[in-house]
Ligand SMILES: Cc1cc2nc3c(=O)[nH]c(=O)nc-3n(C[C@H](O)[C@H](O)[C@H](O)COP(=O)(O)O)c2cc1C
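Encoded as structure tokens, the following chain is the form predicted alone, with no partner shown.
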């Protein structure tokens, strides 16, 4: 079983410390999150990798006490939703690429990444061809969860605690927060300072249980 342990050759950085110490926080203090930290966390999500730079994620930041109470009802009455000073609703927009492809190309042109109209048309054509023939709900979900994870881990490195949450009624969340019907509500992320002790680390499977080398089923053999 993979354990939380350190070794002489382990590389210690704020990020891998945060990854090893992160737990789903069981309860939060009411202490507010400074805007400078919250903005940095949110911006980290927007800087996540994105296919064709189409950025199909949409986030709703829930801060007001009354709004958090409403979200708690839609989230199976989980107390931490109301306790945390901030809860982020992570949504994916499977159809955003149709609206945003031209805007993304303009951004690339302004940044000097797309140098001529031939390159712009090549990107537009490739993106349209791929996304017209793929499951865009799955595509947008994968993209958004990368951004969501990036936000969660930066919060941990900044000294905050987090609780990723999947327990909610999507239709109720959409209704309470005016989220368009064609978006997908994927997860909630509660942010703040922990008010309860973390549960003990539950352990993880070993590398060879889940990771293969060169072909599926061949043990990785990592130490």
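Positions refer to the first chain, counted from 1. Since this is a predicted model, take the numbers as computed values, not measurements.
The discussion below concerns the form predicted in complex with the ligand, not included here.
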(message) Considering non-hydrogen atoms and a 4.5 Å limit, which listed residue (49, 32, 167, 180) is close to the ligand in the model of the complex?
(response) 167
(request) Note which of 109, 128, 141, 78 lies within 4.5 Å of the ligand in the model of the complex, where distance is taken over heavy atoms; exactly one does. (result) 78
(request) Choose from 157-165, 59-67, 171-179, 36-44 the stretch whose residues reach within 4.5 Å of the ligand in the model of the complex, heavy atoms counted. (result) 157-165
(request) Report whether all of 24, 199 and 204 sit within 4.5 Å of the ligand in the model of the complex, measuring from non-hydrogen atoms. (result) yes
